[in-house]
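We begin with a single chain expressed as structure tokens, specifically the form predicted alone.
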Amino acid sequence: MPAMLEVEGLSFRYPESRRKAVSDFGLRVEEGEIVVLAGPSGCGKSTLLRAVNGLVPHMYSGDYSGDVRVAGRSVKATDMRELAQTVGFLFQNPENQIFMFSVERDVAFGLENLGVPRPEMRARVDEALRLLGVEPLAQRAPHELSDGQKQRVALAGVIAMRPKLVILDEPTSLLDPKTASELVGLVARLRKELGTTFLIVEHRLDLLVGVADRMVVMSEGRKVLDGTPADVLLGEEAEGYGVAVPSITRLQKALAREGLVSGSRVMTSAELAAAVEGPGGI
């Protein structure tokens, strides 16, 4: 049975560049997994996302080799319109994908473009509004909403398309800590309720350690680390590749080296405090 996402030997170089943005990259993501993609700016994350949702090579031309398959279908051999029904994409800034006069119309926009029958469209829009908790905003104008509300509405528009794989490109970058945590909670709930697979690019890794199944680190277009959040963040290599390991995790690593706390999984700040204050702690 094919994985939800299979990337095999992917290499891509933009016409204006001398070096490859992605080089001999391989990745397998199973259905229902939440995989976080990390690495410094310029390491190839954005190009990889474009290759997964079809912008590379359909919209961005260049030297392309290897293959990307979503739900068993080769991305380079599949029309963008068809891909949009399998792969959803949430931009870093929701303003880039919210432009209708009401929240309800915005969530329905993609479905209208696909010619989905009205009764089905109504049901799918209502479901997405409910899942994202924005039903009370249905008749509001998007420009009246907060950043967090806009992000929820944009994600509702993606979910209404019922994609099997959703890509989130730094979804918390414009959000305050509370709203960012709520968005991550929504991701976990959507995975549980719909079985959605997520590929997430995010720098605030502390928000995702509790929900991510794996973290993949890129450097200079290549995959250099791939494992559980504990494998990656509690190991000794991640920071050398420019990964912003959360400060609380760096403290946990230091305490684990002294045998004061466990180093088998990534702890939250509350868990770490309880560990060091409990029996046998500091």
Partner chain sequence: MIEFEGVSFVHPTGVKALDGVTLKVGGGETVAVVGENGAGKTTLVKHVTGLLKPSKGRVLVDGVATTATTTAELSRKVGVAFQNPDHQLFSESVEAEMAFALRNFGFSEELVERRVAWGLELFGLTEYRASSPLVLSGGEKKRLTLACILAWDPQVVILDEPTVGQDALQKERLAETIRMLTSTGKTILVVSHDIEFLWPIQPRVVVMKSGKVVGDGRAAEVMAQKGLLESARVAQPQLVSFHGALRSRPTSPFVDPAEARRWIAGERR
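Please read all numbers here as calculations on a predicted model, not as lab measurements. Positions refer to the first chain, counted from 1.
Unshown form predicted together with its partner chain; subsequent notes refer to it.
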Of His203, Arg130, Arg189, Lys76, which one comes within 4.5 Å of its partner chain in the model of the complex, counting heavy atoms only?
-> His203
In the model of the complex, segment of 211 to 219, 26 to 34, 243 to 251, 225 to 233 with a heavy atom within 4.5 Å of its partner chain | 243 to 251
Do heavy atoms from each of Glu6, Arg18 and Val166 fall within 4.5 Å of its partner chain in the model of the complex?
-> no
Is the gap between Ser269 and its partner chain in the model of the complex 4.5 Å or less for some heavy atom pair?
-> yes
Should Asp176 be counted as a contact of its partner chain in the model of the complex, where contact means heavy atoms within 4.5 Å?
-> yes
Could you confirm whether Glu135 comes within 4.5 Å of its partner chain in the model of the complex, counting heavy atoms only?
-> no
Residues within stretch 127 to 147 having a non-hydrogen atom within 4.5 Å of its partner chain in the model of the complex = Asp147
